[in-house]
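To begin, one chain is listed below as structure tokens, in the form predicted alone.
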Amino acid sequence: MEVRPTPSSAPTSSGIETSPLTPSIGVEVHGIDLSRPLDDATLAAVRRALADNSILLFREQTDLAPAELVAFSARFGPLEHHVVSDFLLPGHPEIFVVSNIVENGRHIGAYGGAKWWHSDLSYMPEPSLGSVFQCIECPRDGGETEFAGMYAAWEELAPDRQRWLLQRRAIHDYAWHYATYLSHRKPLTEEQKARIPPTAHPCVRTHPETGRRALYLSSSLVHRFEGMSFEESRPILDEVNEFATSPRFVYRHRWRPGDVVFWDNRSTIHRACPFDEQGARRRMHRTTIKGDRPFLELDPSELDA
């Protein structure tokens, strides 16, 4: 039996208090200062809240310095260094800068992309557990981030499509994604491409902490299904992606400086919303926590239903 999260709106036994962001995904966490080390009980409660709810919002973290962001993130596992090293924060290579700001004639962060649904680093053999995103500057209008809950999308998917996906693996391909969606940036080098060959993962994964199933697909990072061509795969990928990003599964976060959002890449996909990139400033710091290889616990009888 799959474990389902219990809505939380009161202090847990460790003292953290949360309130829901939507009926299906996400909670705001109250009363925690991320610039201070968390005790073990609070850390465990935060970890469980992430696994159950997929998105954690921490407001008013304006005093959170880069070293403190790294220290908080590293409590959950080793941190990744992004393959595009141009946009790593000087002195803190664990932090990937996402920004449209130009200083001294060069972009200080990744710009103009991430507007397509994806899960961070899904193209790695051991994709990301989660990402911690800190808002330093944001526009007054636009530039929100949308998150789609892949637990709920899986659970509401048509049974015939569920059975089909349970038997499939998908090829995640960052070099294809980069050439297709990020051609405005400097091309990847051959050395960078060699570090990120296409990787196959199950289309549905069992969450290692909750035991729940979640869709593990995105139309911008999955090139095709294993054993199928791109042309055969694309209509099915688009169909599933459109369903999974239906409004009832989506939370749109309007940023404020000092916001920190911690999301679970094992049970969500996300994208950035457009904004005036010529007339407004947006600067975000992201750490990415290394995860483990996706797996699917499957009873063969399910395929005969």
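Since this is a predicted model, take the numbers as computed values, not measurements. Residue numbers run from 1 along the displayed sequence.
One more form of this protein should be noted, the form predicted together with ligand OGA, which is absent from this view; the next part is about it.
Taken together, the three residues His177, Leu217 and Phe225 lack any non-hydrogen atom within 4.5 angstroms of ligand OGA in the predicted complex.
Look at 153 to 161, 228 to 236, 181 to 189, 137 to 145: in the predicted complex, residues with non-hydrogen atoms within 4.5 angstroms of ligand OGA sit in 137 to 145. When ligand OGA is considered in the predicted complex, Glu94 lies well away from it, no heavy atom lying within 4.5 Å.
Although the partner is absent here, Phe133 sits close enough that one of its heavy atoms falls within 4.5 Å of ligand OGA in the predicted complex.
With a 4.5 Å cutoff on heavy atoms, Trp263 counts as touching ligand OGA in the predicted complex. Ligand OGA in the predicted complex is approached by Ala114, whose closest heavy atom lies within 4.5 angstroms of it. Residue-level contacts in the predicted complex: of Ala71, Met124, Val83, Val98, one residue has a heavy atom within 4.5 Å of ligand OGA, and it is Val98. Listed residues Leu57, Ile32, Ala51, Ala272 were compared with ligand OGA in the predicted complex; Ala272 is the one with a heavy atom within 4.5 Å. Annotation for 18 to 49: no interface residues with ligand OGA in the predicted complex [heavy atom within 4.5 Å].
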